[in-house]
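Okay, here we've got a single chain as structure tokens, the form predicted alone, with questions on binding and movement later.
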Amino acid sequence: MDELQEKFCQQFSDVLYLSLENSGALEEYLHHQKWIDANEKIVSLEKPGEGNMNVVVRVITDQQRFIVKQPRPWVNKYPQVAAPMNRVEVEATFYELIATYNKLKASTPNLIGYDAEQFLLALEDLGNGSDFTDLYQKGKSITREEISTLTVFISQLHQIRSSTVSVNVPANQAMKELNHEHIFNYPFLENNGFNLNDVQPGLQEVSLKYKRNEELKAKITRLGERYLAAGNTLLHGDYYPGSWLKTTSNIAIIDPEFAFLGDPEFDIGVMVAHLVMSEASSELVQQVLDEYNQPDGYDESLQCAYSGVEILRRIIGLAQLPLSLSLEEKRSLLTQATNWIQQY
């Protein structure tokens, strides 16, 4: 057991430690929860993919297969970054909430069970799908049909508003504060300890133009304050290619642990930013904007500002993407992103 595992076990001594090596304890636990039958046995445990935030395990029994997720008190991909354990509650609540909306439910995994005491979530296994992060590679593209599917989902989700229905979703403030730090603050600190030249030679020097732009940073600070404030629209909160899953039958939306009530412009801003960074055509980006069903009061300039910040933080912040872009291409994107923010 490594130091991080020991830290987790000491802090949460009564919590089952989910791992690929803990099948015996997990089987006993699943029987106790009645998530598997009394005579059902685990055949194997698999890692279904790279979990950025949480530990994710595919459970294969002699009768079925499903997914079990559990957070740690840190981000799984970045153990040096602390993260709230209750994010799994938010995900469970999100799935419970949209279960009454048939079209949304059809595009998300079914919730099998949630155990608040063990911070464990069991979900339908959607099969050996793959996310859309290959879009960041040269020569990869998304289809018009896929754009439509993704835009329809987020349009329907944004119709769930506290002004029209009772939306009992946790405020998720701790996760918002975590996201806020890495979107609106950390990337713009000149001495944040993260050398961007380790990502791409010359990127650190390019970033200084933005880290030293006080007018730009002031606008980003105000935008961050808006992000932290309470809103009235249910958001996915992390609507980017890593949360879009291609399965054998459809496109599924996963990982809503950042969900909260906020500006719908944030979700669309993030979606557009990632299409731009993946070099999607302007026609495909416009298709999103044309097909998205804007709620009342929607502000397109706010959406552009959120897009701009997302591009900046992904290029000069900690949460790097596998972008296959030259330094000059990144420089051009940073300029475009800055213009969007300054026009808000």
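Residue positions are given as counts along the sequence shown, with the first one as 1. Remember, it's a predicted structure, so these values are computed and weren't measured experimentally.
Note that the form predicted together with a small molecule isn't included here; everything after this is about it.
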With the small molecule left out of view, choose which of 181, 89, 146, 131 has a non-hydrogen atom within 4.5 angstroms of it in the predicted bound form.
131
Which of these residues, 319, 67, 285, 45, gets a heavy atom within 4.5 Å of the small molecule in the predicted bound form?
67
Answer for residue 73 alone: is it within 4.5 Å of the small molecule in the predicted bound form, judged on heavy atom distances?
no
Heavy atom to heavy atom, is residue 216 within 4.5 Å of the small molecule in the predicted bound form?
no
Give a yes/no on whether residue 54 approaches the small molecule to within 4.5 Å in the predicted bound form, heavy atoms considered.
yes
May I ask you to state whether residue 125 is within 4.5 Å of the small molecule in the predicted bound form, using heavy atom distances?
yes
Taking 177, 188 and 310 as a possible spot, do all three reach the small molecule in the predicted bound form with a heavy atom inside 4.5 Å?
no
Would you point out which of 136-144, 195-203, 266-274, 117-125 contains residues with a non-hydrogen atom within 4.5 Å of the small molecule in the predicted bound form?
117-125
